[in-house]
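In structure tokens, the next block holds one chain alone, the form predicted on its own.
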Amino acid sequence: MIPFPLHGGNVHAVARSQGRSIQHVLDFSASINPLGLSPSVRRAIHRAISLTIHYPEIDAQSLRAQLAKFHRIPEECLIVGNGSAELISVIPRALGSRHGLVIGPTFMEFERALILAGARCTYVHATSMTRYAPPIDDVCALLHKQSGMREKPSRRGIHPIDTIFLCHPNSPTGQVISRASFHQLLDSVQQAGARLIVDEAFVDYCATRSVLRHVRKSETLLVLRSFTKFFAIPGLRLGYAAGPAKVVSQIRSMLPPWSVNALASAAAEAALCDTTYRRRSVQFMKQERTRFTQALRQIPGLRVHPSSANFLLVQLKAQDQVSLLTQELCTQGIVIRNCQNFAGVDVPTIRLAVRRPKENDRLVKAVKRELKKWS
């Protein structure tokens, strides 16, 4: 049996185990916009309730049309799914992947999707020694080495790499790559006859670093986006992908009908138009992430890595501290993300979502108090 990756945000289980209501669990394990639902999205959901007596559009055509206009790419180059996780799960099968490369440490669903498709999974990991800078040079070197193996397996029966996954900004490290590194990677992928899948679930917080616009000119690139994180609607499940029309069609053929419900579609259409919420969210995150980072760095024994997303990767001194801290905070109704189940995380590490100031201050005090016990 293929193990199911652990994720953050399992507040329901925590609430049940402690006899708390979910409203009394402070969740730092899931990186959701702390500003919550935008008023326009909330109104759109309320208006769409009457639509639930009908089946939703099979292919979310109205939303796809709006996304096409928003991103200035053809509708046939877009597909909407029940969260980007649903799209990730079918992409290796749709592409006929035999050997995928995952740039890690990162979201474990990439590996699971490859395994479920019967493909081999190879990792190239960033390390704590380089502050988890994405190892693009190492990936490109590996692709160049295998560029002569496009059509046939090696003598050991290992197929050449045909699918590369990059999370950008990366979870759990919060790192992005430069434009030069992206073009270097894309060129190497093209030369290797492979495809590059870029997951931009957190890119709204650093929109200028998005590579989605490049799908208009590339037959090699597929970009994933999510409404879940930035627009605070994880319960509705909505994501989309942009790429070559042929690839998009192959993915669509593997999705069930009515994958996206009417409420999610209505919420997404409203979200795309809400420039005020977008601007306010980005401004808030820049300010509060900096303040939260500074507060955490004042706690002895913590190393806080820089981030371009709405979460922080925090390194502790010892693995037993991670386990104890996770357990102790949970008893207080505070949930954090233990990162030791991320393949490639080589030091004791936790991930903390950036929440509202009062909530972040409560977390800082709790961490300081617990670590002081063990000093």
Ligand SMILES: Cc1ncc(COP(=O)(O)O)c(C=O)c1O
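Start at 1 and count along the sequence shown; that's the residue number. Worth saying up front: this structure is predicted, and the values here are computed from it rather than measured.
Below: the form predicted together with the named molecule, not depicted.
Residue among 175, 228, 188, 281 with a heavy atom within 4.5 Å of the named molecule in the predicted complex
Spelling it out, the residue with a heavy atom inside the cut-off is 228.
Taking the named molecule in the predicted complex as the reference, which of 182, 277, 292, 202 has a non-hydrogen atom within 4.5 Å?
By the 4.5 Å heavy-atom cutoff, the listed residue in contact is 202.
Identify whether the named molecule in the predicted complex is within 4.5 Å of every residue in the set 85, 171 and 238, based on non-hydrogen atoms.
The answer is yes; 85, 171 and 238 each reach the named molecule.
Even though the named molecule is not shown here, does residue 167 get within 4.5 Å of it in the predicted complex, heavy atoms only?
Close contact exists here: in the predicted complex, residue 167 approaches the named molecule to within 4.5 Å, heavy atoms only.
Looking at 254-262, 116-124, 228-236, 188-196, which stretch has residues with any non-hydrogen atom within 4.5 Å of the named molecule in the predicted complex?
After filtering at 4.5 Å, what remains is 228-236.
Heavy atom contacts to the named molecule in the predicted complex at 4.5 Å, residues of 57-74 in sequence order
Residues within 4.5 Å: none in this stretch.
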